[in-house]
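We begin with a single chain expressed as structure tokens, specifically the form predicted alone.
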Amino acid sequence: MNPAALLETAALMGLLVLAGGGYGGLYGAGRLWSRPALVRAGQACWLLAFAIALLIAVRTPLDVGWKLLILASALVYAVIPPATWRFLQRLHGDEESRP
């Protein structure tokens, strides 16, 4: 990997993480404050994260195994915020039902 490819790959990986974090943050805020527009903005961040993962798979000189791991990670990003939200609802739902 040459220096230019290293910088491009690192930048794309950083953008992937930022987009994934944007998804989690916006999804959580949207659900917490009952703002569907924030949830949709979060979902748009996930789509951006997946597009960046595809770009990494196509443009970077990473080995196939790493590219598959990045694509799989981007797919798993889609599940984490809703699953975490459901877990928190179950966890704290018991507190609301107590006197």
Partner chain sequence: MSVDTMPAAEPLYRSQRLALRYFTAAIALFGVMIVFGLLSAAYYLFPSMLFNTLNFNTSKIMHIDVLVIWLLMAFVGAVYWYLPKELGREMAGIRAAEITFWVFCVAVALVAATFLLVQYGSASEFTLWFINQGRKYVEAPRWAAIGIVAILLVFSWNVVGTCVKARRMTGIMWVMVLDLIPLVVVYLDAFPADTNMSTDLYWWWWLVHMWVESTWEVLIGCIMALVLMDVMGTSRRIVEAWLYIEVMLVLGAGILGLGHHYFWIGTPQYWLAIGGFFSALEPLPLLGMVVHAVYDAGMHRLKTNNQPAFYWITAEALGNFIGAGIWGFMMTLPQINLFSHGTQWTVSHGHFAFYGAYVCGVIAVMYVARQRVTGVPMLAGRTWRWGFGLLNLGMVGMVMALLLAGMAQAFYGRAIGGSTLMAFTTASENLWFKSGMYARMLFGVVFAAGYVALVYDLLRSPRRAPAIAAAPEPA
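Please read these numbers as outputs of a predicted model, since none were measured by experiment. Residue numbers count along the first chain shown, from 1.
Here the subject shifts to the form predicted together with its partner chain, a form of this protein not shown in this document.
Residue 70: heavy atom within 4.5 Å of its partner chain in the predicted complex? Yes, residue 70 lies within 4.5 Å of its partner chain in the predicted complex.
When the contact criterion is heavy atoms within 4.5 Å, does residue 28 count as touching its partner chain in the predicted complex? Residue 28 belongs to the contact set for its partner chain.
Indicate whether its partner chain has at least one heavy atom within 4.5 Å of a heavy atom of residue 41 in the predicted complex. It does not: once its partner chain is placed as it appears in the predicted complex, residue 41 has no heavy atom within 4.5 Å of it.
Report yes if any heavy atom of residue 62 sits within 4.5 Å of a heavy atom of its partner chain in the predicted complex; otherwise report no. Looking in the predicted complex, residue contacts with its partner chain include residue 62, since a heavy atom lies within 4.5 Å.
Within 4.5 Å of its partner chain in the predicted complex, counting any non-hydrogen atom, which residues from 1-35 show up? Contacting residues: 1, 3, 4, 6, 7, 9, 10, 13, 14, 16, 17, 18, 20, 21, 24, 25, 28, 29, 32.
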